[in-house]
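Quick heads-up: it's one chain on its own, the form predicted on its own, in structure tokens.
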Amino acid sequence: MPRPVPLDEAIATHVHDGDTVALEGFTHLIPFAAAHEIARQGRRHLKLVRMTPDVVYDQLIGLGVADELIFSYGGNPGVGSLHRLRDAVEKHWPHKVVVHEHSHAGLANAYVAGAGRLPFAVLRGYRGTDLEQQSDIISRVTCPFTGEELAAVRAVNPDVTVIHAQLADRAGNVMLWGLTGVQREAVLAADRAIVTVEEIVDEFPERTGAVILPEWVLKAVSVVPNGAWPSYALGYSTRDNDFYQQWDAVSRDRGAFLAWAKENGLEAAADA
């Protein structure tokens, strides 16, 4: 991996219009700064993937970045609905977004299959739901050993995965810890991976349960302190619960949302 690069350079080089993009992080280490840079650079027609498309994807969808969404559960954690997502799906504002919905287990397994470069994954699930009607991403297979019928999910292989982490070393390896979701699998499943980190260190500390991503699976590392705000990075920041509460009112009204975009330098993305 080359030297650390500014975030704007990493996004300009590796995220293109029409890409399938995963921005992963489960409650913790959500790459908000990178998401805003994607919008700021005017990317369009993205297929976004995320296990829990919370506020970060509500913002991107409202800014007109996405045409499609592959997800499992969508909501503002502890607060309620994602109003920009609902507006796009129900009323096509700022334009229509097509959704492909999984269960958590289904999408996690789809990432695992993608990381293993397999065409699909199998699991027990989806019975009693209408999600199986999405035959382009969910099907059924029969086990050749037991005859049991199982759910099959199409592998997810993003063009780009973006995550936030606590540390990178000077060789370009990345270390993250705390509440992690499918960041490792999403990185390994992707063609290109970008990581924003809190800081670069000479040597990683000893930390039980940490995930290490070797430099050879990454395309770019950018130093972005507090790059997960308003989510958090364990050991560096705390979750801004007030922001999540306030977002409900901001996102309910198109005018309030556009005012937020202008205040945060994202008005050009919203108007494009």
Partner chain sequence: MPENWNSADMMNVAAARELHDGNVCLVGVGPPNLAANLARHTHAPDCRLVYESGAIDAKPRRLPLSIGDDDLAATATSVVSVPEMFNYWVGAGRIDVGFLGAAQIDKFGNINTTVIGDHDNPKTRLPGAGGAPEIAANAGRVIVIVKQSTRTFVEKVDFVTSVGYGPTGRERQAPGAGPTLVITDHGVLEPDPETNELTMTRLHPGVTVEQARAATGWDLKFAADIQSVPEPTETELDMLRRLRAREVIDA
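Model, not experiment: these values are computed from the prediction. Residue numbers count along the first chain shown, from 1.
Absent from the display: the form predicted together with the partner chain. The rest refers to it.
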item: Residue among 232, 247, 57, 32 with a heavy atom within 4.5 Å of the partner chain in the model of the complex; value: 232
item: Listed residue (108, 152, 167, 187) with a non-hydrogen atom within 4.5 angstroms of the partner chain in the model of the complex; value: 108
item: The partner chain in the model of the complex: contacting segment from 190-198, 168-176, 129-137, 154-162, heavy atom within 4.5 Å; value: 129-137
item: Residue 119, heavy atom within 4.5 angstroms of the partner chain in the model of the complex; value: no
item: Residue 239, heavy atom within 4.5 angstroms of the partner chain in the model of the complex; value: yes
item: Residue 26: touches the partner chain in the model of the complex, heavy atom cutoff 4.5 angstroms; value: yes
item: Proximity of residue 75 to the partner chain in the model of the complex, heavy atoms at 4.5 Å; value: yes
